[in-house]
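Quick setup: one chain, the form predicted alone, written in structure tokens, and binding and motion questions come after.
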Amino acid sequence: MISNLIKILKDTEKLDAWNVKVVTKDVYELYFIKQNLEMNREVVTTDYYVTLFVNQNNKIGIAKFKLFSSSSNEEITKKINEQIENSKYSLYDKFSLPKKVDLKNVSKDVSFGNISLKDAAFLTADALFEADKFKNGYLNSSEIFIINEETKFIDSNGNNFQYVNQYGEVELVATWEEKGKEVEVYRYVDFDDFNSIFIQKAAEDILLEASQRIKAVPLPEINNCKVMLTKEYVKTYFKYIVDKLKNDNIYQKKSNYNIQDILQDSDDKCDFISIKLNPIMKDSTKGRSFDDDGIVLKRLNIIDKGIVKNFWGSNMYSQYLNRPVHGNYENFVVSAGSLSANDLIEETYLEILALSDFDIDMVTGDFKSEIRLAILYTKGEKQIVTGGFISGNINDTFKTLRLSNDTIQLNNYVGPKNILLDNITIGKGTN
């Protein structure tokens, strides 16, 4: 179909430019209830994401739409003509499209690349169920997806890129029953490298969290207590900063950052933030060597020791701000800090293990989240707690931020495993 689609696009006189992203996914799926296999299947799909550019009264009209493998030539032609007409209602100031660039096609090197998707799926199930051996807790349901994904990008300027990626996704629900109480916990896990120990530990972690929730007591009233974020919440914290440096958000007034802005200075008692963006990263299922605009991506340093160095973002908005076009990234790396376990022995702090959510307001940096599970440390003694909330503003935490000296990888994030924050409000729950 792709050759027919390209020919039709080239023959359409009203078009000034276009690009097509073709995504082919071969997915082997397993669905378990407890450890009983309910369904297994292999699904292959190809989707075509088309973007049209049409000059409209000194503006650029843009239309985006999706086609399927089953689309006939007549359906394609009709859809293109409809979208050319629709582009009149989506007008933008003019900007330049990416020029032709030579880019070597890339395939990620993954450990299950030499075995079938089916075998990788059942090996993943075996690793999960190695952890499912507790008396009071069990994996209630498991869904496993092992994916081979090929992405092609073709545009009217002659660019023709290709990237091949393989990765796995697992969705788990764990149940723990004890002392007349029952708790369920959901967890999503993804990986690009088959590692049975990693997968087994992910299942153990969700079962452990379920068991801890059963034992947790209501959060007591506490004052002058620091907050430690862990795992995904650390990633979300730094993703907020990364997104504040995206040209799209700056143009849309969601951020007011500028080059050489100082987030932390030499007088601050903190660990300094340094962040880099990577197109492709080992053990990450995200990212490609090019973005959806056809911009070839290179490593980019955006914050160095608390000072803003570069911006990133889409081709269009980068040009609107008269900034270099670096493209859209998904992988980011944060430098480790100096915080060690020994530094925490005499501290009183609340380690957050599970929140209802951790949504940060993109414009203000404000957040407020309910505590599902946490550990309260008081000079080495610990208590598992639940209930209450934490709230604050991310920007108010930079000056005293502490970053752990050990790191963790959470898919497209590599950086400190934990971060310690001041200036956070901790509210007592009603339970």
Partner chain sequence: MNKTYSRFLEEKYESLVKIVDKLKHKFTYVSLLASDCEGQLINVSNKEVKINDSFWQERGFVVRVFNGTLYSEYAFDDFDNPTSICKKIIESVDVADQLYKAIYVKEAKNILYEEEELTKTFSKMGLYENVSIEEIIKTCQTIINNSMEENEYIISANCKVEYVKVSKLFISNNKNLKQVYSWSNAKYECIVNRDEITKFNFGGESSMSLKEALAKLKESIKHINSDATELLDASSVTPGEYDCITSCQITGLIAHEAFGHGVEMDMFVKNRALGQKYLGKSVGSNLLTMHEGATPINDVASYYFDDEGFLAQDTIVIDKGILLTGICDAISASKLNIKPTGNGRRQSFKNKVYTRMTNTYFTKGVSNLKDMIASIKYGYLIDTEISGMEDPKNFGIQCIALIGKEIVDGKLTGKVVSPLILTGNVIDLLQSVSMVSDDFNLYGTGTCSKGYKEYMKTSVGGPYLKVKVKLG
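Numbering follows the first chain given and starts at 1. Given the structure is predicted, the values throughout are model-derived calculations rather than measurements. By rigid core we mean the largest C-alpha set that fits within 1.5 Å across both forms.
Below: the form predicted together with its partner chain, not depicted.
The contact residue chosen from Tyr257, Phe122, Tyr349, Phe95 relative to its partner chain in the model of the complex is Phe122, the criterion being a non-hydrogen atom within 4.5 angstroms. In the model of the complex, its partner chain sits beyond 4.5 Å of every heavy atom of Val325. Using a 4.5 Å cutoff between non-hydrogen atoms, Ser69 counts as a contact of its partner chain in the model of the complex.
In the model of the complex, Cys225 stays away from its partner chain, with no heavy atom inside 4.5 Å. Shown alone here, Thr364 lies within 4.5 Å of its partner chain in the model of the complex, counting heavy atoms only. In summary, the region of this chain contacting its partner chain in the model of the complex, judged by heavy atoms within 4.5 Å and restricted to 287 to 295, 327 to 335, 154 to 162, 82 to 90, corresponds to 82 to 90. Taking its partner chain as it sits in the model of the complex, the stretch 18 to 46 comes within 4.5 angstroms of it through a non-hydrogen atom at Tyr28, Glu29, Tyr31, Phe32, Ile33, Gln35, Asn36, Leu37, Glu38, Met39, Asn40, Arg41, Glu42, Val43, Val44, Thr45, Thr46. Once both forms are overlaid on the rigid core, the distance between the two CA positions of Asn40 between this form and the one not shown is 2 angstroms or more.
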